[in-house]
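Quick setup: one chain, the form predicted alone, written in structure tokens, and binding and motion questions come after.
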Amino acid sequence: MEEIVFGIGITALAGALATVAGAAEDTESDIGSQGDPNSQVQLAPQMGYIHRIFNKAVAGEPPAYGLWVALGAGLAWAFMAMQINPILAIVLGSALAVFVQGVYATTAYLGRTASLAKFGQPVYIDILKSMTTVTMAHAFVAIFTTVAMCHLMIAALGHPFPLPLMGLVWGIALGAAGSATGNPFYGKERQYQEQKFGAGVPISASGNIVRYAEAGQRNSLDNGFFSAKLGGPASGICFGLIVFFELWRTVVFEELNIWGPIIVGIVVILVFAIIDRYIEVWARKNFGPYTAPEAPEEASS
């Protein structure tokens, strides 16, 4: 019984770390336009819409965060092998991984913008300097908390995987959670505020992103302020619940029967699917329509 209580405590702590990681990851990717809307940011100059939005996407969030978290975890693992304190090792590993992320962001922004020179899109040096440091700060929080969570699973729960492999797996999961959950707040509800709720992006509006803020031209920090209020917490809750339920079902039910965690996992998925469907239908009825209604036919004479 004591082992189960201890395991649940570790599960709660890991879920809390994952919640912080998810919120930081989504805000970082939205400021850097690395989520789903990055194609619209890239397309905008080609459609005649010059903007000041930072765009560092070369890979999607799951492989990118798989790389950065695995790198941070691998370096932390090496530092721990050198008898360095685990907390200090995780900090150092995460910091070095963030430098790689900063180089990645810089070269991606310059390369993408250079490819748009013939469409008149300039490289804004102030955007490069200010946005890169902000994305690096958020990336450090996401990497550090995820690596710390992985180390907690190994040190406290006895997970058999080595830390770098754990970092790769959970880094991919972190990027997937932010991409699937938080990006709609940035892409559909922020970048395309003039579109009807849930209508998506019609072909005629491709590239016509919102480029002006309350005062002057919009930049990625404006998008970050918005997504940090909605998309970030939503992504954090998503990733936190994934980690919590994954560990909880194993800690509580694995001792009873080997099939126990699998059955509980299936039940949890079904419950959340039902809840998601109910929320979607409720949102359509209260905030729809998803598409513009057709004009009524004229009465025949």
Partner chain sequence: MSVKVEVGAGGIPHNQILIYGLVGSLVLIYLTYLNTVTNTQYFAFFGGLAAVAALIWGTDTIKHLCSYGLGTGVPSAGMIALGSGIIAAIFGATTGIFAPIVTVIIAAIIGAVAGLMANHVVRMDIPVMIVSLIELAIVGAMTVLGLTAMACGTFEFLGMITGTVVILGFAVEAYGASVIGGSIIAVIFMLGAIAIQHSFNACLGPGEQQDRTLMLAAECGFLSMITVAIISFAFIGLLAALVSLLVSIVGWIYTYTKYIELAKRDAYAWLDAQPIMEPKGGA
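Computed from a predicted model, the values in this text were never measured in an experiment. Numbering follows the first chain given and starts at 1.
Below, we refer to the form predicted in complex with its partner chain, which is not included among the displayed structures.
K.L.:
Only one of 43, 58, 242, 264 comes within 4.5 Å of its partner chain in the model of the complex by heavy atoms, so just point that one out.
P.N.:
Comparing distances to its partner chain in the model of the complex, the residue within 4.5 Å is 58.
K.L.:
Give me the residue from 79, 192, 226, 140 that has a heavy atom within 4.5 Å of its partner chain in the model of the complex.
P.N.:
Selected residue: 79.
K.L.:
For the chain shown here without its partner, which stretch in 44 to 52, 264 to 272, 233 to 241, 249 to 257 has non-hydrogen atoms within 4.5 angstroms of its partner chain in the model of the complex?
P.N.:
Residues of 44 to 52 come within 4.5 Å of the partner.
K.L.:
In the model of the complex, do 134, 277 and 280 all put a heavy atom within 4.5 Å of its partner chain?
P.N.:
No, the candidate spot makes no contact with its partner chain.
K.L.:
Can you tell me whether residue 86 touches its partner chain? I mean in the model of the complex, with a 4.5 angstroms heavy atom cut-off.
P.N.:
No - in the model of the complex, heavy atoms of residue 86 and its partner chain never come within 4.5 Å of each other.
K.L.:
According to a 4.5 angstroms non-hydrogen atom cut-off, is residue 156 in contact with its partner chain in the model of the complex?
P.N.:
Because no heavy atom of residue 156 falls inside 4.5 Å of its partner chain in the model of the complex, the answer is no.
K.L.:
Does residue 64 reach its partner chain in the model of the complex, with heavy atoms at most 4.5 Å apart?
P.N.:
So residue 64 counts as contacting its partner chain.
K.L.:
Can you tell me if residue 184 lies within 4.5 angstroms of its partner chain in the model of the complex, counting non-hydrogen atoms only?
P.N.:
Residue 184: no contact with its partner chain in the model of the complex.
K.L.:
Counting only non-hydrogen atoms and a 4.5 Å cut-off, give the residues of 119 to 145 close to its partner chain in the model of the complex.
P.N.:
119, 120, 121, 122, 123, 124, 125, 126, 129 sit within 4.5 Å of the partner.
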